[in-house]
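Consider the single chain below, provided in structure tokens and representing the form predicted alone.
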């Protein structure tokens, strides 16, 4: 055997070692030699919006805007915790300024006994289906009226525990307590807020699921100096049906979700506040979705000069979305809103572009 063939195993071993060292260097260090193995997963999302309103002449309802930008960092901290940090730059109503918000800064336990979950920090309060979503997860460009009017800004600092209940179907119970400073409360006192949510889900077939949920949150009333009521209780119930073809990749799919929100009437108030919406989405092509939606609010209390007036609204929406992947979407939407007393209505056309880059955690089911 020639010397060249005798050296071949040695050459192969040296090449494998050099390849392994090179691969390790590329995955675990930078040019400075500092390890990157502990760096968090980073993602960014951008929402661009162009819209024109028939009846609303405000700058925020007409023009082209950066609707929102979001940066999310997610990582395993140690064997006991994972962490999420989400910073958002959200457009104000004037369309020209942006508010910087730390939307989430939370630790999630990885080692609680008996399958319990524990979350500490600032997080979305688990009320209903829509109030916990980021804007780029919405079925339509704007949140339903029922959410905007009765449960806006459901973000607070506190603690949440959750567990799967021992039932024949999937059932999850969440209980939480927070500082009571979420926008829905916004009261300048020391009272805390408390809430709970129960979620139940059943497999109706190999392709379809049905989810039923109920929510309750109670906290300090932001209008207590006007109403005489120190507590604000809000009840909610929701239903979601999802079906996706199991035989075709990116084949037909349906999502139907409806929710009601019932705030407890203010002390001495004359109305019975109520909100509801229903959203239907249908994937009619590999990358195309059709959305239909409607909603209403009733007896929303508005106080001016210590006098209460009651407002109610109806809305209807339709959109078509081009969704080539989970990382981008373009959708065109028409929205119509009118007040119950017919004193005002508005027809709006919107076009939105949504993109995500980086390692983004999975969205809620």
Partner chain sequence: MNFTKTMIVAAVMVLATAGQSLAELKVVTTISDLARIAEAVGGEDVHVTALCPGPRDPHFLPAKPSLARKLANADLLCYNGLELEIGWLPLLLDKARNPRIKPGAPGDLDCSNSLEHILDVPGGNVDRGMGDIHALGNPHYTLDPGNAVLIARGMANRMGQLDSKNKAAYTARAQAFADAVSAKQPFWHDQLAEARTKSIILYHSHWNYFTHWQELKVVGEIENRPGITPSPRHVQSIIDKGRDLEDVMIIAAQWDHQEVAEEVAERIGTALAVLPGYSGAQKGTENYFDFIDRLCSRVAEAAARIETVPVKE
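Positions refer to the first chain, counted from 1. Model, not experiment: these values are computed from the prediction.
The protein also exists as the form predicted in complex with its partner chain; that form is not presented, and the subsequent description refers to it.
For the residues 177, 265, 117, 121, the 4.5 Å heavy atom test against its partner chain in the predicted bound form is passed only by 117. Heavy atoms within 4.5 Å of its partner chain in the predicted bound form map, among the stretches 177 to 185, 206 to 214, 271 to 279, 140 to 148, onto 206 to 214 alone. Judged against its partner chain in the predicted bound form with a 4.5 angstroms heavy atom cut-off, the residues 198, 299 and 340 are out of contact without exception. Proximity of residue 172 to its partner chain in the predicted bound form: non-hydrogen atoms within 4.5 Å are present. Its partner chain in the predicted bound form is not approached by residue 58, whose heavy atoms all lie more than 4.5 angstroms from it.
Though the partner is left out of this view, residue 102 does not reach within 4.5 Å of its partner chain in the predicted bound form, counting heavy atoms only. When contacts are judged by a 4.5 Å heavy atom cut-off, residue 130 does not count as touching its partner chain in the predicted bound form. Taking its partner chain as it sits in the predicted bound form, the stretch 344 to 363 comes within 4.5 angstroms of it through a non-hydrogen atom at 358, 359, 360, 361, 362, 363.
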